[in-house]
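In structure tokens, the next block holds one chain alone, the form predicted on its own.
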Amino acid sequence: MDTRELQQKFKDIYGVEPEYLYFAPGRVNLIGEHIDYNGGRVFPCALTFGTYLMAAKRLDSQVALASLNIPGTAEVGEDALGRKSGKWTDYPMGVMKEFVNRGYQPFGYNILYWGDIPNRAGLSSSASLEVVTAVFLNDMLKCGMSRVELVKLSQHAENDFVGMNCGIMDQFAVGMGSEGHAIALDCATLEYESVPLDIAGYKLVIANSNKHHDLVTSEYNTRRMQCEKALKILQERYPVANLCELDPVLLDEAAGLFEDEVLYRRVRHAVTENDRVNQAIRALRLGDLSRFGKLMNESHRSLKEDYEVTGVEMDTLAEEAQRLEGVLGARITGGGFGGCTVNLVRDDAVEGFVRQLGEIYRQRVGLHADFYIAGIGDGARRIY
């Protein structure tokens, strides 16, 4: 949908011309899954598709929220921010509540959202919705908050209001992305650097399983609780603040502390995944894409066997992709239990990859997969 179409939709809904347009991208995580909340280092990048926010001021102290993607609207005053509805509107309402908690009044706007991120595919449509709302309100209210502050605010809204105990990675990638670069982010300190994503001769291909996931009601929060329990066990012996402070050598030494083998496997994933991220970034800097791809494959295997967040759909997409000509690496990306895989595919093999993997997936699973060539874009921003 182009800007003129979106403007007309806004006018059809609200009867006035829009005044503002903002955008926030989706994100794909290249490697480093389920370690952002364990103090690890992750390697995401912002995408060229995302969420648009179009808005105009209104004269009362309400906010009207509408979406062209998902049914359901809301007209929100401050009294409504004390309760959630279980609908998509909880995401912007959670952000609004964060502004209220800081002494601001984020009211008096008609807002329309539209996005081209596949919904519930694990490409951070929720973080995109939160961050675009936060950036818009920060500008309108002249709060002067830094982009990192808005990222933290958006994460807290999802944790506290929506009830999804996510880490910081999604909001950070959405807010801080840079065209042609991935972000090497230390989630314990929020130290980060933009790393040029030089994959000349290859494409990043996202495969959408169309197996939707709902992380709030899935086992995502269970995994976090397991990691928190494992950390308490480790802290009886080691002075660590998070799981990813361990290295693989200390992991072997600590294995005897765990009577529960499941807890140990959760820790093993976190520690080895963090190590894989560091190796992958070094490989990319050296131009060793073959090594980068192998680490992607190892990451998927760990997410399947140690963290248990894949499932037949995601395993079929990743493992069958790894066998195809011209594919250096394939892994699940996002929280798991559905969603997407990210694949590093040689330029001249992309067409065959899409055709062959799509057919294998349909035959094995009975679902249709969608494929996207991932363009790497900038973070959240005002368009006008």
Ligand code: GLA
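Residue numbers run from 1 along the displayed sequence. In this text the structure is predicted, and so the values were computed from the model without any measurement.
There is also a form predicted together with the ligand; it is not shown, and the following applies to it.
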property	result
Stretch in contact in the model of the complex with the ligand, which is absent here, among 106 to 114, 286 to 294, 161 to 169, 188 to 196 (heavy atoms within 4.5 Å)	161 to 169
In the model of the complex, the residue from 337, 52, 37, 353 that sits within 4.5 Å of the ligand by heavy atoms	37
Contact flag, residue 220 vs the ligand in the model of the complex, heavy atom cut 4.5 Å	yes
Partner contact for residue 32 in the model of the complex: the ligand, 4.5 angstroms, heavy atom	yes
